[in-house]
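Next comes just one chain, in structure tokens: the form predicted on its own.
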């Protein structure tokens, strides 16, 4: 591989510089992506067309110079594969036609299989071929709790009170659904690895809305099951967004790296996550600033984390209205940085 710096860093090996990539790097900040979106009727058509997903995946490698490509897809592949259809509305996000509310609902959904996400498999194979070993290819999935939240709530929410209600009113039923989601996610990620993903990330996007006690009962154990299975195959990154309150428990995950959101102090993360590679965690809003500010904030972040066992990233996905020039400046700043 011409550039395997991300894989080496994820394994905890010494690297000549800090590797860098960004969540949501293949999105509306890029002109090519906007042109692709004009060619399809909706977001889901893009995700389900391997050639277009491949094109969107590779564009940030070409234009931004990131050290990895992440397959263009969506975490909601999993609930759809389990039998819950949804629509992605431009201004509102995902809307599910049916939600899971009863044990009968849980019994009615399936554990997904390759045929349900074959379009992602084909996109990965095509992308791996087109990358021609330039950089590693990242696969991903949502955490079981995050998928659970959408499957029970039916849409995005500030509180996910419908989802959380099940945790307290019927925990046995909640665990039954989480187990089915976990089984599906393990199969899905293994298929991604077999199709060409060389490292995977688990997005626990809604972990932070739980209490520490609930998080360690309803989210973390299921992430752990995925890590235990996938870490046998490739490096695994877990992203427990907003859940650093459970850092000591997160540290026990059988994964290589922990991605951090921008609310986490790097020094505290080093102390509470000993031995883990850390990833993150610049506030994406910094990239709205002038280049001098971006450079200063990025250098401060790099100094705080240090160059060992570290992957530079944002603390969340890049926002669609951030200027591409600022995004590239951030990438270049990291790549040109020399630790003292």
Ligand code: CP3
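Note that this is a predicted model, so its numbers are computed, not measured. Positions refer to the first chain, counted from 1.
Another form exists, predicted in complex with coproporphyrinogen III; not displayed. Remarks below refer to it.
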**OP:** Have a look at 290 to 298, 306 to 314, 30 to 38, 269 to 277 and name the one stretch with heavy atoms inside 4.5 Å of coproporphyrinogen III in the predicted complex.
**Re:** 30 to 38
**OP:** Would you kindly say which of 259, 73, 198, 182 lies with a heavy atom within 4.5 Å of coproporphyrinogen III in the predicted complex?
**Re:** 73
Original post:
Taking coproporphyrinogen III in the predicted complex as the reference, which of 328, 11, 17, 24 has a non-hydrogen atom within 4.5 Å?
Top reply: 24
Subject >> Every residue of 43, 150 and 203 near coproporphyrinogen III in the predicted complex, heavy atom within 4.5 Å >> reply: yes
**OP:** Examine residue 88 and determine whether its closest non-hydrogen atom to coproporphyrinogen III in the predicted complex is within 4.5 angstroms.
**Re:** yes
Subject >> coproporphyrinogen III contact in the predicted complex: residue 212, any heavy atom under 4.5 Å >> reply: no
Subject >> Interface membership of residue 221, coproporphyrinogen III in the predicted complex, 4.5 Å heavy atom rule >> reply: no
Original post:
Using heavy atoms and a 4.5 Å limit, would one call residue 154 a contact residue for coproporphyrinogen III in the predicted complex?
Top reply: no
